[in-house]
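There is one chain below, alone, in structure tokens, taken in the form predicted alone.
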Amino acid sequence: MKLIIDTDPGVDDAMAILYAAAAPEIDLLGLTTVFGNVTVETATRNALRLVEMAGLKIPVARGAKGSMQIPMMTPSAHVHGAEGFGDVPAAEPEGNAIDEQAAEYLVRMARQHRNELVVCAIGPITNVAQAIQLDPDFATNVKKIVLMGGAVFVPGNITPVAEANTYHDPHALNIVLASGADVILVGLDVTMKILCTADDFRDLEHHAPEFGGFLRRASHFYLDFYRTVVGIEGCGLHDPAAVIACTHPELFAIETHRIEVVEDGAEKGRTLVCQGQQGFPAGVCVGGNMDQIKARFMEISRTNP
């Protein structure tokens, strides 16, 4: 599968990208970066670090520094740490982002790989919405858009009703939903049912000392947030689950619903199921074989160096 990951790394972004780098069924063509867990500048630096860590020769295209219509947000340093990888210090990559902006890169790659390219957005979906505005054919050129986002039938994680990625750019998600693209939401309805614990990160370090050791060190801060703020032992398998849904949708229970995102007010970012002809059709992951999804993440991640 030809895949581009749109990302704001982020501990779970790192988990997803390193998983994708090792998965034999994924042809990872490139990364695009966006604001979210960190600033777009830090996201781009972190994406370049991950590409180099994985030994990949793929481009990184810098994208949106803020949402389409709402004020600039403050990155979630209390969740992922000031530099995005928990307590792991910042480090400068050897390479640089390409000159092409993320939306332009997405448009070009969708044309080049028409009906083959899958875009997996694991941060706010601003870059993808901008690609649609840049080229209306983008929505039909891509095979599928899979996003980590939404809380359709469960509570949110940034407000009582909203998941963080949809909250940070609800207007962008409505543009994507309205585009006619094949869209799948991998949201909190499933990702909080799959937890990675400290023992899981120790297991990854044992089998994959370099990548697994990095993830274990990065996870300390992240797991502490889940323990002290959320009240659970383990972090949700958010972004890796979205990547796995790209290649193994059969592991998920996916229902088609008409979805619309609340764009302002107290329920901003809420992913609503609409009746009649309101909203836009999308696949919503509502369940699945959680044990197999986690087992696949662990099995593939163990094969990393």
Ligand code: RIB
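So that there is no doubt, residue numbering starts at 1 and follows the sequence shown. Here the structure is a predicted model, which is why all the values come from computation and not from measurement.
Beyond the structure shown, there is the form predicted in complex with the named molecule, which is absent from this document and is the topic of what follows.
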item: Contact assignment for the named molecule in the predicted bound form, among N174, Q130, N157, N141, heavy atom within 4.5 Å; value: N157
item: Proximity to the named molecule in the predicted bound form, single hit among C196, M109, L204, L188 (heavy atom within 4.5 Å); value: L188
item: Partner-proximal stretch of 268-276, 237-245, 42-50, 64-72 relative to the named molecule in the predicted bound form, 4.5 angstroms, heavy atom; value: 237-245
item: Distance check, T126 to the named molecule in the predicted bound form, heavy atom within 4.5 Å; value: no
item: 4.5 angstroms heavy atom contact with the named molecule in the predicted bound form for T32; value: no
item: The named molecule contact at A103 in the predicted bound form, heavy atom, 4.5 Å; value: no
item: The named molecule contact at V152 in the predicted bound form, heavy atom, 4.5 Å; value: no
item: Members of 154-187 lying within 4.5 angstroms of the named molecule, judged by heavy atom, in the predicted bound form; value: N157, E163, A164, N165
